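Only one chain is included here, represented as structure tokens and corresponding to the form predicted alone.
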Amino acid sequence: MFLPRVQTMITVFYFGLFAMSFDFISGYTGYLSFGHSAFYGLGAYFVILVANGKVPLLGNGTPFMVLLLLAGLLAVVMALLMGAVAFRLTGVYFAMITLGFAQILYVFFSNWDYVGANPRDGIAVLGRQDGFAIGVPYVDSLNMTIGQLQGDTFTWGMDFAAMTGIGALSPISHTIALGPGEVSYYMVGLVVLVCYFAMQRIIHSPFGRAMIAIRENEERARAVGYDTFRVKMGAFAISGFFGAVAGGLFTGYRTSVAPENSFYFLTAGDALLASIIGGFGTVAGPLFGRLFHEGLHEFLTKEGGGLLPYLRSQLGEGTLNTVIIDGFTVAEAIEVFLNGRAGLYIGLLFVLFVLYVPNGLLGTLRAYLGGTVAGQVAQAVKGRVRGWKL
């Protein structure tokens, strides 16, 4: 009832990466990129267009990892073009300029017949039958295919009892079998982990400190010698790169995309929601924010193992038919207040987070610990090791 499904966690991974890329520019420079969905959609559409053989010079068999890299570079070019215009303004004007770019792409891809017969409803992968593999390009043995239907399976271990017919060997017989969902979970998670470490490395570099200086006081950063325009452009390009990689992972797993779930401005709104819940300026916070969002949505869903099916199965017929007030029964109350109301409660929680947990989940935890979680854990481990030596 409480733990999210594997499929939900895969969604958390690739959209969490997109939210982290949003936080990279918005949380560390203070410039809210409401049009960040432009990069997510660009990466998603680039991968699917190449897979359908509609991008010149790139065959539909181009390795997925190469496509992710090229999608990221294409987003870098787009970010530089957008930034050259948008960074002439600040505050809400910058946010609206980026939103305008995203809406232009949304309308363009919704009406561009070249991408598919009915572009407004989206397109699916048609020209690639072997799926999308994550691993080392051009080395088949070091690749594993992701996807809801075409994903690889993986089995590791030895069943000595079955091989030898000796039941006494059962305690040392262990086999791990992963289905397509589990394989996709680990491979998508691996890409997201690498991207996370890359962003963390950049944040803790001199370039990252310049970004933070701009967020705290841009005029002072300019006064001490930082070329703030170039720093902002570089940060925007990097965030666009990782946003496009997230979009490519989305397409690679789903094998379909539509303007509504990629370029639409509410996609960036979901990233903003994840960043606020998880914590602005934390990189990892948006991933936890998305996990919280998806976990709550699944918990309140009317399907699977959420709260609503649990109540229906655990409460007896007599309890469900109990009248609360004026003929209003417990069963009707469950339908009215829980069935399809996940968005309502998520909205209420969002308001509460803004009012009472402004630093988000990870930001609040860091404030409580007096530093980053990793730093505090490292300190505790060092203290224990020193104690052992003594």
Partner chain sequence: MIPLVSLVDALLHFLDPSVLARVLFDGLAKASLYVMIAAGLTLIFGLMGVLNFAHGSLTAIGAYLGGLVMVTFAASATGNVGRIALFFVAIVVVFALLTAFGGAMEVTLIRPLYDRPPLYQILLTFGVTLVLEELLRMVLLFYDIQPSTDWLAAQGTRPDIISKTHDVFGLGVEGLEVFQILLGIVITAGVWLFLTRTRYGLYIRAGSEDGEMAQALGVNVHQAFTVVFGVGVGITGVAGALLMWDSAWAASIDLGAEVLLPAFVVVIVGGLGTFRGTVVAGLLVGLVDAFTTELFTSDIVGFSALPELFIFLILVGTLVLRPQGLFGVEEVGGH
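In this text, rigid core is short for the largest set of C-alphas that superpose within 1.5 Å between two forms. Everything quoted here is computed from the prediction, not taken from an experiment. Positions refer to the first chain, counted from 1.
Just so it is clear, the following notes concern the form predicted together with the partner chain, a form of the same protein that is not shown.
Engineer: For the chain shown here without its partner, which stretch in 227-235, 185-193, 71-79, 264-272 has non-hydrogen atoms within 4.5 angstroms of the partner chain in the predicted bound form?
Structural biologist: Flagged stretch: 264-272.
Engineer: Exactly one of Ala213, Ala133, Ile202, Leu99 has a non-hydrogen atom within 4.5 Å of the partner chain in the predicted bound form; which residue is it?
Structural biologist: In short, Leu99.
Engineer: Within 4.5 Å, heavy atoms only, which of Val66, Leu58, Val330, Val354 is in contact with the partner chain in the predicted bound form?
Structural biologist: Residue within 4.5 Å of the partner: Val354.
Engineer: With the partner left out here, if you bring back the partner chain in the predicted bound form, are Thr62, Phe197 and Leu300 all within 4.5 Å of it by some heavy atom?
Structural biologist: No residue of the spot touches the partner chain in the predicted bound form.
Engineer: Is there a heavy atom of Leu315 no more than 4.5 Å from a heavy atom of the partner chain in the predicted bound form?
Structural biologist: No, no contact at 4.5 Å.
Engineer: Given that the partner is absent here, does Val92 sit within 4.5 Å of the partner chain in the predicted bound form, heavy atoms only?
Structural biologist: Yes, Val92 is a contact residue.
Engineer: At 4.5 Å between heavy atoms, is Leu361 in contact with the partner chain in the predicted bound form?
Structural biologist: The answer is no: Leu361 has no heavy atom within 4.5 Å of the partner chain.
Engineer: Decide whether Leu32 counts as a contact residue for the partner chain in the predicted bound form under a heavy atom distance cut-off of 4.5 Å.
Structural biologist: Residue-level check for Leu32: yes, a contact with the partner chain.
Engineer: Core-aligned, is the CA shift for Ala333 between this form and the one not shown 2 angstroms or more?
Structural biologist: It does, since the Ala333 C-alpha is displaced 2 Å or more between this form and the one not shown after the core fit.
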